[in-house]
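First, one chain by itself: the form predicted alone, in structure tokens.
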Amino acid sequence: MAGTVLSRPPQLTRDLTSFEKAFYLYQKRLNERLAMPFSRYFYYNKGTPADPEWKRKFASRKTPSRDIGVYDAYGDEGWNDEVLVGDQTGERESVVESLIRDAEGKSIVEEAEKDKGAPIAGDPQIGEGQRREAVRIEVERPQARLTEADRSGDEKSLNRKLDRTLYLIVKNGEGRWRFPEDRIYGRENLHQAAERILVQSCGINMNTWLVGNHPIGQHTHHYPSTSGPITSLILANPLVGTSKEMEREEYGEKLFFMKARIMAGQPELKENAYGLKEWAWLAKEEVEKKVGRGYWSSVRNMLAER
């Protein structure tokens, strides 16, 4: 028999651990101390509009970098470049907000509005001496890592757990959850059988790719010895030209799994040839909760942790 382990690879990198966040922030601050920066006049000509804007931002954050918080690399506290427990400076949300505020022309930290009521010199009759609202620049925020499918727990959606590998499992007519599987008919090989199984079980509305010609694992199940062999009538498969109707005795099943990737589409079980009832896209630990214990012991080492 052949089975197809169809998966959707991660779409995002995983979240960093707290140690990794602190380490990367430390490395950025260490670089600020050890790498001598160019003079600002290398980037901004003196007297240009960009020069005072740079001065304003630099006075707020004490450093050219936009994503390491308020840090003076050349001050008396420059050596103190590690963050304390609970500090949010290295958190993804804080870094993103700092970069966006800088792109919008704001300081990376909230500042009190200065000289709010100070008079402005000029002739108001010709449009001078009037305080005008500054042009607001809105930078588009990045999409959230959690999707609506994550929040609703929709196991049929591929738009969930974007930092994990998801696997397609189906519920057969006996109520068992397994990977799509079927017999090997005629003279077809494992690669051909795996492709056919996807078509006959999940329809033609999926764009998939078989990764290789060799199986990535196997599952063996022996029928109870007390009952003896089971006589099975095997009908010819309409998609396999070399298959024919035959009858034979079977003592168990040996199932070889082939690896495949999905690039687009979704399963359609309305006209499947195996009596499948349901399907789901699940991460490794979710697959364990659905399948049987013996089946899980055979497939668990084939599935990626993330």
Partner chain sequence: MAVQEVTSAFLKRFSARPSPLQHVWAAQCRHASTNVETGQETQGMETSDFSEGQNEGGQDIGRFDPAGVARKRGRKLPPSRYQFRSPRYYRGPLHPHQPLKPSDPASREFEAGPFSLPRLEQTYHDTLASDYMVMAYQHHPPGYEAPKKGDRLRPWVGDSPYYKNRPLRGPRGGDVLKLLRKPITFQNVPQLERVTVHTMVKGAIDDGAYLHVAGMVLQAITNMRAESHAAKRSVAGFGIRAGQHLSLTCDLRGETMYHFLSKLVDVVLPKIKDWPGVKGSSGDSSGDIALGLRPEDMTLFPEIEVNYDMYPPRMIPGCHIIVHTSATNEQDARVLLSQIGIPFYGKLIN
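Because the structure is predicted, anything quoted here is derived from the model rather than measured. Positions refer to the first chain, counted from 1.
There is another form of this protein, the form predicted in complex with the partner chain, and it is not shown here; the text below is about that form.
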query: Among 190-198, 221-229, 208-216, 171-179, the region lying within 4.5 Å of the partner chain in the predicted complex by heavy atom distance; finding: 208-216
query: Close approach of N45 to the partner chain in the predicted complex, 4.5 Å, heavy atom; finding: yes
query: Touches the partner chain in the predicted complex: R66 (any heavy atom, 4.5 Å); finding: no
query: Distance check, R261 to the partner chain in the predicted complex, heavy atom within 4.5 Å; finding: yes
query: Contact flag, R61 vs the partner chain in the predicted complex, heavy atom cut 4.5 Å; finding: no
query: Residues in 1-32 with any heavy atom within 4.5 Å of the partner chain in the predicted complex; finding: P9, P10, Q11, L12, T13, R14, L16, T17, S18, F19, E20, A22, F23, Y24, Q27, K28, L30, N31
